[in-house]
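Shown next as structure tokens: one chain only, the form predicted alone.
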Amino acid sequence: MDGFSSDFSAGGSGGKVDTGTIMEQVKVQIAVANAQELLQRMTDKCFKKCIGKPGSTLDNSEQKCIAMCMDRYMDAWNTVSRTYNSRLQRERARM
């Protein structure tokens, strides 16, 4: 049990756990994980859609397809994120 508590008290706060700092670190880690997942999904979908025969280079049409696919994917992601956040705010306001 000592090993667990010492991980959180290493910041020099006299053995006290700073929950605010920990929460911020967790939020950052979640944001990084979400960004990595977004990039991975976008890469997978656009690769499957745009690359017929993988090779050492992309031809002009593949480059354009990938660029457009990624733009559309990001636009859709942003629209869904804004809508979701807006709904969360409405639900919180009701409570």
Partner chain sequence: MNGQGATADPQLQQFIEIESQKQRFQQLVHQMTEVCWEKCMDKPGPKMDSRTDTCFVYCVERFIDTSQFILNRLEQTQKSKGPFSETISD
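Numbering follows the first chain given and starts at 1. Just so we're on the same page, rigid core means the largest C-alpha set that superposes within 1.5 Å between forms. Being a predicted model, the structure only gives us computed values, none of them experimental.
Form predicted in complex with its partner chain: not shown, discussed below.
Colleague: Might Q63 be said to contact its partner chain in the predicted bound form, defining contact as any heavy atom within 4.5 Å?
Modeller: No, Q63 stays farther than 4.5 Å from its partner chain in the predicted bound form.
Colleague: Please tell me whether any heavy atom belonging to D59 falls inside 4.5 Å of a heavy atom of its partner chain, as the geometry stands in the predicted bound form.
Modeller: Heavy-atom contact with its partner chain at 4.5 Å: absent for D59.
Colleague: Should K53 be classed as touching its partner chain in the predicted bound form when contacts are defined as heavy atoms within 4.5 Å?
Modeller: Judged by the heavy-atom cut-off of 4.5 Å, K53 is well away from its partner chain in the predicted bound form.
Colleague: Just to make sure I understand: among 77-91, which residues lie within 4.5 Å of its partner chain in the predicted bound form, judging by heavy atoms?
Modeller: If the 4.5 Å heavy-atom criterion is applied to its partner chain in the predicted bound form, 77-91 yields W77, T79, V80, S81, T83, Y84, N85, R87, L88, R90, E91.
Colleague: When the two forms are laid on each other by their rigid core, does E24 show a Cα shift of 2 Å or more between this form and the one not shown?
Modeller: Comparing forms between this form and the one not shown, the E24 CA shifts below 2 Å.
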